[in-house]
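Take a look at this single chain, the form predicted on its own, given in structure tokens.
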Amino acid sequence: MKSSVSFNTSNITSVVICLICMGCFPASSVLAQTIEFKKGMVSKPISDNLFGLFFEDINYAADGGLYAELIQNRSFEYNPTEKREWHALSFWDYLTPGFSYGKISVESREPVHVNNPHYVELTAEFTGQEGVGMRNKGFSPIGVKSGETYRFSMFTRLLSEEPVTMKVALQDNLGRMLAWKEVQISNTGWHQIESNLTTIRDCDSTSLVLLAVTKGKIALDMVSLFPEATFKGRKNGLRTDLAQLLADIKPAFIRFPGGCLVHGDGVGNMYRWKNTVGPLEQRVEQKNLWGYHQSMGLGYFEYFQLCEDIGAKPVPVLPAAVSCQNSGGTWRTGGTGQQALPIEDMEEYLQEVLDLVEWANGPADSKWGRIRAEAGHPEPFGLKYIGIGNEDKITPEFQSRFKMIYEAVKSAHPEITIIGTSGPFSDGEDFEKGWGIASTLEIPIVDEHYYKDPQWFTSNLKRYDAYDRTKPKVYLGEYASWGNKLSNALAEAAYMIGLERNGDVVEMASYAPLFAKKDFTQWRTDMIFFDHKKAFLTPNYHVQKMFSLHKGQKYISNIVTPTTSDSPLSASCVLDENQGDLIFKMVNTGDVSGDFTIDLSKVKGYDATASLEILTGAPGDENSFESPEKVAPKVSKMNITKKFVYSAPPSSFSVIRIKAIKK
């Protein structure tokens, strides 16, 4: 049975929102906003967590993307297991300008930390007029702006008798200085040097150059360069423009760090949260499942901090103690390369999962809470959700280990909501088994994933209408329609109408993947594309943002209807209880205008002027670096009456927001 709530007072039910406009009115002055519904109007609840984001380090989304570090291979840990052509000095050039000469080697005898085993030894035998050293061009040409400050740091150790003077410089591709400082290396133990560099002009092809200008021998590691202007000014922070695009959506939650990345390419490659917290030089870097490198500079602390900075709930996903079924490239043969942690290792792994809760929520004087506090966050993060597993093959090995993890967390932390998994597809054997486990164990939420063509989405708009309301709720953790044209986004919008209509059973939803870097894209449908200077937004992004910014807590039936049945028209009406607004969402996936009847005869207390936000264009339209706003929403005002017809343009998504009369 579907749960529903009727507004059933004797005459009318009033939804009253009281706002105090600080600075404009005295604190005693209250501005009341009321929309009233006559008896018989039917509503049902919508999850306040319905629309969120999913971040996975795919398409260079983290290093070289959202994570603002500008130096590639900063700790000399690249290796051929990630890419055959990679090695510890990849993306570094050895420099001997003029008649200078010396030596360079990669060593591991006395590292900064055992988790960061490789470092460089540089010997300057004859420095000439310019010095001996190294150059790094970053993940693509480093872009700098005139007058901006960049934070440089590196760990150094003196290996010769006399101190070594080193020039640290930002140069353009012609060798001209954009900023430079001299630092002296005199410590015989590992020591971090920090300095600020302020550039004198813009440059889109910048390199970091390190030159020993006096004779001697030194060791170098963790060579880093960050813009000072990171998101929220965080020292080990995020790229401002990309993080702001996430904040602009105002997501209810962020799921991280994946995705297939979580369970990894074999059990040795599983994403282990403890390896990603603490000082940067102590984190364990590793191969990325998607074929590159993870520095772990963007780790669990930074993910939780991002969530807090933009007001989103953190939803970390942990491996279910099994690796991806496509490990070893077995996806080419249909799998399964799934590996499982030995049972004798499970006690330790269960403790690892429980320790995450302590790290996130424990007091600052607890074992793991202290590590969070030492990183600069003594207050708990307020973790409420943990995902276990990610579209796993539902094997006996998975089932036994998932059950152990679920029961351990449920017993130790009943306040934490566990999210299970139903495998990688919208139906089939794994889907049925995953839901069977969820029902048997009474898991609160089940994560569904599917990527389909647009026609599948428009043909399955009522998928969740028939879901059993007595069973676990749904988290649609990954979905997309295999494309970034307007027609793809509209198919997703029509489907999201169905998610909203079933917001009493669909608890959460997030499009995937989120980011894709130009020329480094492994997945052909993404939400935000970027290069080293800028980003452009897809129509899919605009749809997600429009749903998230215009969300409601109640779904209201029988107010908006297409004028013809069996048409490419979809609509919903929701009440935003926080603002007191009534919101209509209407999708027309057809090639001619479509009419919607909006009947407000049973509604009172609304303003006659509404806002209209509309996304429209030709079905094949899409944005690009060259035309970033070819498809973008436009906002205007419109007058409304008690009953009117809204004519939606072909290939369009429209949002009408009606405000309550201010009293």
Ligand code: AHR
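The structure displayed is predicted, hence computed values, not measured ones. In case it trips you up, residue 1 is the first one in the sequence shown, and so on.
As for the form predicted together with the named molecule, it is not shown, yet the points below apply to it.
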| If we take heavy atoms and a 4.5 Å cut-off, which stretch out of 383-391, 123-131, 454-462, 488-496 is in contact with the named molecule in the predicted bound form? | 383-391
| task | Find the only residue in 503, 539, 434, 259 having a heavy atom within 4.5 Å of the named molecule in the predicted bound form. | result | 259
| task | Consider the chain as shown here, without its partner, and state which of 180, 94, 101, 523 has a heavy atom within 4.5 Å of the named molecule in the predicted bound form. | result | 523
| query | Looking at the partner-bound form in the predicted bound form, is residue 277 within 4.5 Å of the named molecule by any heavy atom? | reply | no
| Is there a heavy atom of residue 449 lying 4.5 Å or less from a heavy atom of the named molecule in the predicted bound form? | yes
| Any chance residue 58 has a heavy atom within 4.5 Å of the named molecule in the predicted bound form? | yes
| task | Report whether the minimum heavy atom distance between residue 507 and the named molecule in the predicted bound form is within 4.5 Å. | result | no
| From first to last in sequence, which residues of 106-126 have any non-hydrogen atom within 4.5 angstroms of the named molecule in the predicted bound form? | none
